[in-house]
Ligand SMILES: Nc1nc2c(ncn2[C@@H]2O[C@H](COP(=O)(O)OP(=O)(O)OP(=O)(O)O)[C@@H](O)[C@H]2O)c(=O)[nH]1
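What follows is a single chain, given as structure tokens, in the form predicted alone.
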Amino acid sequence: MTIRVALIGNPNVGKSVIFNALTGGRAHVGNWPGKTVEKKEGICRYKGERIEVVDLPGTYSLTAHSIDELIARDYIVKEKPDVVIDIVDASNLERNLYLTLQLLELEANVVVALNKFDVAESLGYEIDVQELSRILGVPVVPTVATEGKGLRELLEAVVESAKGRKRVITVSYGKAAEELISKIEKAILKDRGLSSRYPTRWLAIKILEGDEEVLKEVERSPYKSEILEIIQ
């Protein structure tokens, strides 16, 4: 069995250190198709499992406002990796968990690597890892990548998550927004092609946000007029 894993995280969270540690520094380096952005891929093995690791560009969000954001989002949406390791800076949780939320709304199978855990502790932060895992509904593994700490536990969580069922999390945006999201979702579900390629709730939220790439998909839908009428 080959497990396909994508690494994602904000810039400067230690993503490259974790990638090199997992792959032993042996990586195939190229460019993303049609882009000048570097693409790194490597292989690691754990408990007899072959794990293909792709290093996605560092990004703060998946809003597709930049080429890095678009590459990361497209890979998760279209390639559907078995597991997405979201590398989070434990010393800067609030900013980092914004990307985590977007990954969960995208219905990715997420494992959170709570990196720089030593830095968080040195700052006096106390993080209830089990409670954070419960709230997010995904495994959360403390790591100190520069010292190799937590990487074995991270691989264990990846293998377990690849074999298990991911939990879909729903964050409420309030009554008015939820009513619109529900109406848009119903319209999207009529388009089997569109609804089979993307999570419908995520699409509805992105349509409300005016996401340019998602609106291009709507333009090609036979139900375009119905969807656009709702958001008018």
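Keep in mind that this is a model prediction, so the values were computed, not measured. Throughout, we count residues from 1 along the sequence that is shown.
The same protein also has a form predicted together with the named molecule, omitted here; what follows describes it.
Select, from the options 93-101, 69-77, 157-165, 113-121, the stretch whose residues sit within 4.5 angstroms of the named molecule in the model of the complex by heavy atom distance. Within 4.5 Å of the partner lies stretch 113-121.
Contacting member of V138, V141, A145, V83, with respect to the named molecule in the model of the complex [4.5 Å, heavy atom]: Of the listed residues, the single hit is A145.
May I ask you to state whether V13 is within 4.5 Å of the named molecule in the model of the complex, using heavy atom distances? The answer is yes: V13 has a heavy atom within 4.5 Å of the named molecule.
Contact of V17 with the named molecule in the model of the complex (heavy atom, 4.5 Å): Yes, contact at 4.5 Å.
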